[in-house]
Structure formats: C-alpha cells, structure tokens
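The chain below stands alone and is given in structure tokens; this is the form predicted alone.
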C-alpha cells in the first residue's frame, strides 16, 4: 500500500460515522467490548465535563462504550474525586500491578490501563480538551468496527492555541513539525502520511497494545507508530479528522523536554532496528537557560526514557486474560 492509496482508504472524517445505531449493531454483532481510558494528572477543571459527555452520549444513549476509566498519576487536586462523582471508574496508577513498581509518566498510565481495563479495544483520550465532544471517542472507534484490517487509529485536528486574549486559529503541533516529521521523513517516510503522530487521542485493539513496549514518558506515541509499522505495516493504521481540538498551550521550555524524550525513544528504536547500529552512550541531562535579574541562570533536567515491556511479558496479565506467550 503506497501513501496516496493509504490516505485515500484509511483517512476518515468523524462525520462519516453519524449513524450511531448502525455502529452499535456492528459492535454487538462482533461481540466487541470497548473501554475508554482517560489518563490524568491534576485535571479537575476539565475531567468532569469529559465524563458527563462520554457517559451520557456513548454509554446511556448509545452503548458504544462498556467502561469509562480514569487512570491517575497521583493528582494533588480534586481530579479523582470529580471523576468518581460523575461516574467514572477511577484508579491510581501506582496501585495497578503494584508488584512491578511505580514509575511516573503518561505512558505508565496507558500501559497499566491495558491490565486494568477489560475492552477488546481501548480508546485513549487526553483529559485537558476544552471543546470535548463525543466525536473524540466514536470517531476513533468506528474505523476499528467497520474495518477489521485496521488495528490502530490516530486522531488529527486543527489545534488552535488558547491565549488569554482569545483563540488564535493556527498553530500547534510544533514538536511534530520541527522534530518528528523530519525524523520520519528521513527514516520512515511512509509514517509521514500520519497527520498528527503525537496526538493524544487514539483507539487500539488489545492484540496490538499487549504486544508492544511502552516508554513511560514523552516517547510513547512515537514508539507506538514505529513498533506497529515495523510489525504490521502502514495498512494497520487509520486516522480520523476530528475537526478541532482546543487545549492548553505549552511553553517552549516544556516542548524542549518533550523533544528530548522523543528523540531518545527514536534513537533507541533506530538502534534496535539496525537503522543506526552504533550509538554512543547517551547523556540524559537537558540544560536550559532562563533570564533572572539581568543574568542567565542554567536549569538542568534529567530525562531518561525508561520503558515498560510488552504487557504479554507480565505473568499477572497473562493469567488475568488467559493469554499464552
């Protein structure tokens, strides 16, 4: 499958999937269960609205979701309490698979969700979406229901940046366009067909999620794309246009940390695939500078992209789901 063919056949718009009753019938005919996972860390302002909308429209009105779960990293605000009050199942990531220990990072939450949740399909949706709408779930689920050959569906959208003065209609995706897209163009050109490789919204079949490793930090989305592509090919992916996503704008310094983690993951994959067979020992200290009282002050961060193994390598998971290595 070439890029043009893939873009034609595997790129969708959420409006294609307006017939919810037909979608529910197709889901039930295939005997599929679907879990919605929302990873959180201090999202008390937006989590309640997300749960209300998903639960009312996609559980009560149209039974497309079988569970809605929040996997929390240890919020210090009222995120967990708010989520529970609106009817979500709420789990603390550190209490899932306690025998493997606790690590901090969004990827850790996503990985532990595979063990905790029951769905044949897991939909991951970030918790900070200001313009939340049911399309953020059904737009990703539908291609998996209607196209059995598709295994992993990514979201893409216009990403206006929210400012105190209003909404600027362009921008966003800066790390994608400055770092990830150039790297993919050089080493994995077919993956450049994915409009927003770093989007936090995607739906994946369990058979895929349990078979791939998970960086615990910033590199998780990049590693997913490379691992799924090298194992199943471009045809395993779909992508859905969700129109627009409004969220917090991250400062450039935080984007630098994200890029630092992503490039570590990318180099690790390139080495394991023998694309870049020899690498020196990598430094994990990121040095940045800030201006303070007329002088430049250095700030150093230690960012090492640790990884969790494929969930199929975890004996407790195999026992719970009756899987055999």
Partner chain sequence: MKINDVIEGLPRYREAAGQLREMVLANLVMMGEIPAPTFHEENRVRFLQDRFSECGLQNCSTDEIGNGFGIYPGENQDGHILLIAHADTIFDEKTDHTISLQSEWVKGPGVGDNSLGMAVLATLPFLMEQVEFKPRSSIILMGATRSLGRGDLEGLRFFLKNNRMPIRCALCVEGVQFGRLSYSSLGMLRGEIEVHVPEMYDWTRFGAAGAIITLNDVINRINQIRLPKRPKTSIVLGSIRGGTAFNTTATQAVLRFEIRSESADVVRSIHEQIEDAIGEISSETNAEIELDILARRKPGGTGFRHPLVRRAREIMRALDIEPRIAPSTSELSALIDHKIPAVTLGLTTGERLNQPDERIRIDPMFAGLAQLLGMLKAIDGGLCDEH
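Predicted model, so just to flag it, every value in this text is computed and none were measured. Positions refer to the first chain, counted from 1.
The following text describes the form predicted together with its partner chain, which does not appear among the structures shown.
Contact annotation for residue 86: at least one heavy atom lies within 4.5 Å of its partner chain in the predicted bound form. Proximity of residue 45 to its partner chain in the predicted bound form: non-hydrogen atoms within 4.5 Å are present.
Put simply, residue 53 is close to its partner chain in the predicted bound form: some heavy atom of it is within 4.5 Å. Using a 4.5 angstroms limit between non-hydrogen atoms, residue 49 touches its partner chain in the predicted bound form. When its partner chain is considered in the predicted bound form, only one residue from 134, 173, 74, 235 comes within 4.5 Å through any heavy atom, namely 134. Proximity to its partner chain in the predicted bound form, defined as a heavy atom within 4.5 Å, holds among 61, 284, 292, 271 only for 61. For the three residues 177, 206 and 228, a heavy atom within 4.5 Å of its partner chain turns up in the predicted bound form in no case.
Of the candidate stretches 284-292, 259-267, 29-37, 61-69, only 61-69 contains residues with a heavy atom within 4.5 Å of its partner chain in the predicted bound form.
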